[in-house]
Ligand SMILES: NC(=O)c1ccc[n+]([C@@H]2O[C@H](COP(=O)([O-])OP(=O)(O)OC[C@H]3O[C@@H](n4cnc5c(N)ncnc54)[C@H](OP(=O)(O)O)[C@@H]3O)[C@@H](O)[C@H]2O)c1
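The chain below stands alone and is given in structure tokens; this is the form predicted on its own.
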């Protein structure tokens, strides 16, 4: 089979396509013919060993995908050959075939969804669900401020926040991309380059501020968000796409009674045990079947152009998700 290989650290130009053996499955495994896999910001960071999970070289990148089960082990009872599925790996998705435990990160592809849509669902949806439900306990009619809203994890938070009954204010840096975010359910969109989101949030809430801040951007955006936060607000630290960690102003934390909440959806499930994992296994498929957090895909690439898929993400050209089509 063909697979994307990273055998040295660097920019996306280090990626290459190689022939590798199709994985051999064990008694409890399934073999998936991958239709599509999506690119996430952690995939970019893994190329330079800047992500918390550092796979040994060489490795096959990719954290999520979708495809069809083609073979299964003798002990597998809950899946059948021909089932269309969404899967998560850590990493390994950018290949024509993937082997996974049948009890692993698998869910059925919702009726009417393409492999490309399925491949772009899991990371964003899991991050948004863990953030807004597990960590922040977002309530109906609360004000949710979502930064980086035109990216995959940001757009999923906008969609889920609206489903949970919140008033959603979404920020970004490009009007055309923000127009798509508005179509996905945001009540108000704010271009960070041309407007002050702090004054807008304060004005919209009669000076109270946002109850929950969802921030995959970091840097100055999170620092300013403390001024836009309501008393007792929950600030979700999702990532640092701006380039690095943030200086947390402890005086704002004290005076406003803020809660600063780190978000690591996968790691929390691994450490906390069955409760979180059960939510992902039950609630995410239920929400997907309802059409909640259905991905918006702006870019599709064949495997041969995997480096281009990484570059459009790095250059902030993606609206929602970019996916790689494995069989094109």
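Numbering follows the first chain given and starts at 1. Note that this is a predicted model, so its numbers are computed, not measured.
A second form of this protein, the form predicted in complex with the named molecule, is not displayed here; the remarks below concern that form.
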By the heavy atom within 4.5 Å rule, which residue out of 265, 287, 69, 47 makes contact with the named molecule in the predicted bound form? 265
Consider the chain as shown here, without its partner, and state which of 197, 240, 113, 129 has a heavy atom within 4.5 Å of the named molecule in the predicted bound form. 240
Counting only non-hydrogen atoms, the one stretch of 224-232, 150-158, 201-209, 83-91 within 4.5 angstroms of the named molecule in the predicted bound form is 150-158
So, a 4.5 angstroms cut-off on heavy atom distances: do all three of 177, 316 and 320 pass it with respect to the named molecule in the predicted bound form? yes
So in the predicted bound form, does any heavy atom of residue 144 sit within 4.5 Å of the named molecule? no
Quick one: is residue 301 in contact with the named molecule in the predicted bound form, heavy atoms, 4.5 Å cut-off? no
If you check in the predicted bound form, is residue 55 within 4.5 Å of the named molecule, heavy atoms only? no
Is residue 42 close enough to the named molecule in the predicted bound form to count, meaning some heavy atom within 4.5 Å? yes
Can you name the residues of 204-226 that have a heavy atom within 4.5 Å of the named molecule in the predicted bound form? 216, 217
